[in-house]
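Just one chain follows, in the form predicted alone, and it is written as structure tokens.
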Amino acid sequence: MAAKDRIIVALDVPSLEQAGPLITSLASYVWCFKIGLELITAEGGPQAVRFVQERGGQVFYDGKFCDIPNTVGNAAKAAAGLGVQMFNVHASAGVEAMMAAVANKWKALVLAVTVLTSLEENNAHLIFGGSSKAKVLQLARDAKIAGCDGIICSPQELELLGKQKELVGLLKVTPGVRPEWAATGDQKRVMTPAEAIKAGATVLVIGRPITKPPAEIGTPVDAAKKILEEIAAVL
């Protein structure tokens, strides 16, 4: 995979008006654009997908489906019908729900969300009753059983997952990626782009470091180019 194919830009903005210039300027530098709950709720999922596609971008539909299997399956069918590259489902919804998503994915990739990258260890224990690494491993195995194409995890779990022979073939998509020159923000379990790729990440999801880079870095395109150079150096 080329460096360009390793980047998904998170369009975590409240309106299509704000998303438009980012899509137009960055489409030739990145693989995909992630449409998340903020934009889906504010503008509507189908409208947001078409908006990105009309401007030359491909879409990762970050709907994080988490419901009973029948509902997840129907949501997956609707998302796949929009012509998106991928969509996701919470692995904690269970194997049957993930299987329903896979059964209705058409040409899209299905990614299973493991443990959110905003959670620190004490939060993981409170929510899951165990460490984040243990839970990510369990959910990744469930995703593999369900037939998902990949998982979403923090960079901190990549090395552990890479040692599990039963998980060979799963794409590893990682948010929580922050260049050394970017603020950490609300992400807790982070790595730099180069570190994440070396640790085994397939694709990186990067938002604010590209969409709102520090003034000394320049424009979103300047930030994307800088990250592309960092990735290319370790491929």
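Residue positions are given as counts along the sequence shown, with the first one as 1. The structure displayed is predicted, hence computed values, not measured ones.
Keep in mind the form predicted together with a small molecule is missing from the figure; the text below concerns it.
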Region of this chain that lies against the small molecule in the model of the complex, out of 59 to 67, 23 to 31, 41 to 49, 195 to 203 [heavy atom, 4.5 Å]: 59 to 67
Contact check for V115, I152 and P209 against the small molecule in the model of the complex, heavy atom at 4.5 Å: yes
Partner proximity in the model of the complex: K172 to the small molecule, non-hydrogen atom cutoff 4.5 Å: no
Partner contact for D12 in the model of the complex: the small molecule, 4.5 angstroms, heavy atom: yes
